[in-house]
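The chain below stands alone and is given as structure tokens, in the form predicted on its own.
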């Protein structure tokens, strides 16, 4: 199997071109677990398939490191857009990407040659706050208080096509991301699990960010999480619409704007790490 390993701000996935490769659908969770294994596989946060769509310009299918399928992935979208453009599957700089969470609009920013892309903007759509859209057990659209890691946490549930719970803290470096994140991810309040973001607002246009991703654990970056964090900040009066917010993640910076029109724009990098051939195997992982 031919693969390309790519990252957006250190959030790395193994990308497989299913325009060219043929993979069995029932084998994909196992394959994701295998390639993500840093000791016996390639090492990554999961597996992403780039292929044809019946109704959009290209399709992205995402599997987490534990083999579960994800509805969306912001960093994956940027890398998918770069891959599709550089490999000639799309010829225009603005195009659509089908995901399990809905249709995303991508804009690539090629270099002077017009051949290479390192910066991509994704229209991530509008955030949703109603609990049934996330989903969260019960009804409402306000903050939620839950117990985890021996403390009470005030969470702002947000959907960006996948579920998020944003927590505002005084210092992200001191936040118990691993312990509290793991407990909240599988809390009964979230029937489909949840991505957990710990956020500190430096200013209304700058935030520090750490994340525990559903199915993957601590990662270097989470694009949909950064969008959810900015949406939660605006909703809480900590920032405002039409203001570009710089989100400092462990892997680098993302630039997020919640437009007055309703949608959120995310701009950030997309880079190739390596390409190669992977010998698929049937041993269970």
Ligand SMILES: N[C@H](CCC[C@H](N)C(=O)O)C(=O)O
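Positions refer to the first chain, counted from 1. Predicted, not measured: the structure shown is a model, and the values here were computed from it.
In what follows, reference is made to the form predicted together with this ligand, a form of this protein that is not presented.
- With this ligand omitted here, the record of contacts in the predicted bound form names 8-16 of 21-29, 270-278, 257-265, 8-16, defined by a heavy atom within 4.5 Å.
- In the predicted bound form, at least one heavy atom of residue 72 sits within 4.5 Å of a heavy atom of this ligand.
- The closest heavy atom approach of residue 222 to this ligand in the predicted bound form falls within 4.5 Å.
- At least one heavy atom of residue 162 is located within 4.5 Å of this ligand in the predicted bound form.
- Contact between residue 82 and this ligand in the predicted bound form is not found at the 4.5 Å heavy atom cutoff.
- Contacts of stretch 192-215 with this ligand in the predicted bound form, defined by any heavy atom lying within 4.5 Å, are made by 195, 213, 214, listed in sequence order.
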